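First, one chain by itself in structure tokens, the form predicted on its own.
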């Protein structure tokens, strides 16, 4: 059963609204003081951060239906609710199209003088770019409607046919997800420097997206439990969630290292310049920080078996991983400004605005439907899961 927000919850909402308002004022001031390029770099950063959390959560939901998992059914409502972030990023993505002239050099006619960019013109042109953005948003919305809206509706209808529909649609979503996350990687990140190309960049962004969804799911689940909700989720359920965090920490690190190693070994000019920009100067320590906090710290924290069951360890590990995912996106996007690492009023204001707005939306989403998929006929089997 859900617990209504109550007076305390309403007070928290008011605080978040005030913070969001302060952040909005700050980004208006930052536009005036710092100019458009830095403004749009922050906008793209937070758009992609919220999008990857939402898509990663939706991927978790679809993965359960694909493999027919039972253990994860009791906690499925958490990523279902988090996946609603794909809905609020739609207007953010459409506004982000205004950044094309500021951050994406391929939009200028002069860029065609570069033969590499000219060769990519069939893909990198504004009308096709906008069409891809709209198509991706529509596909994500459709997937959310089928997988999540249907699950919430099942709480009341108890219609077991939803499980069959979800299981049939989930493999199709995996194809949609693979294509669209690759489009996101190529369009919104790598095309900021259109001369650069990587065969596995889409896989790298997928790894970060899945980890972001897992980390956000872990944090939200532990938060709800601290509020006396989801009491039937056991440490055995948490162990499996911790196992996924551990496994995909290694996978993300492997893909990131493989991409770097292959480019370093081949030493092709149109590949290595991208890494050179992100290693030299003050960007080097940030890359080192990614290696430490995105891999080494969670890797060693999660090696012990008991750590995967310990809520305290899982909470801080997931928090570190979610911050590291943000830092990873920052490291990929901000070097395009050619100003070195920046963290001033614009970055603080954007952080306050988007974090506050996202938490408000998530708090609202946490009131949708029951805390567990109560209409799922396999829920009882999931609750009985023991290792």
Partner chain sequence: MSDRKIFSVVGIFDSAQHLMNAIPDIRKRVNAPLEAYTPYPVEGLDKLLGHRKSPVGGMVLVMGIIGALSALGFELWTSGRDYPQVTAGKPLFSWEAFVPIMFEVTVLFAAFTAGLGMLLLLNRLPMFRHPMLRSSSLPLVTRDRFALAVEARGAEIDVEKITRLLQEFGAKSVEVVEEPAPAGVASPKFFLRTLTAIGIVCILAGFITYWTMKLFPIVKPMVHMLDQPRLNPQSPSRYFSDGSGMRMPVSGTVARGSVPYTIRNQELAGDLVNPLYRTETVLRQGRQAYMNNCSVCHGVLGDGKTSLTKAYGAKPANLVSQSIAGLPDGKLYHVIVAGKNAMASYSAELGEDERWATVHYLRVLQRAANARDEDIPK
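Please read all numbers here as calculations on a predicted model, not as lab measurements. Residue numbers count along the first chain shown, from 1.
The same protein has a further form, the form predicted together with its partner chain, not shown here; the description that follows concerns it.
The closest heavy atom approach of residue 145 to its partner chain in the predicted bound form falls outside 4.5 Å.
In the predicted bound form, at least one heavy atom of residue 260 sits within 4.5 Å of its partner chain. Its partner chain is not shown here, and in the predicted bound form it never comes within 4.5 Å of any heavy atom of residue 128. Residue contact check for residue 264: one or more of its heavy atoms lie within 4.5 Å of its partner chain in the predicted bound form. Only one of 160, 112, 303, 97 lies close to its partner chain in the predicted bound form, with a heavy atom inside 4.5 Å, and it is 303.
Only one segment in the set 79-87, 222-230, 250-258, 205-213 has residues whose heavy atoms sit within 4.5 Å of its partner chain in the predicted bound form; it is 250-258.
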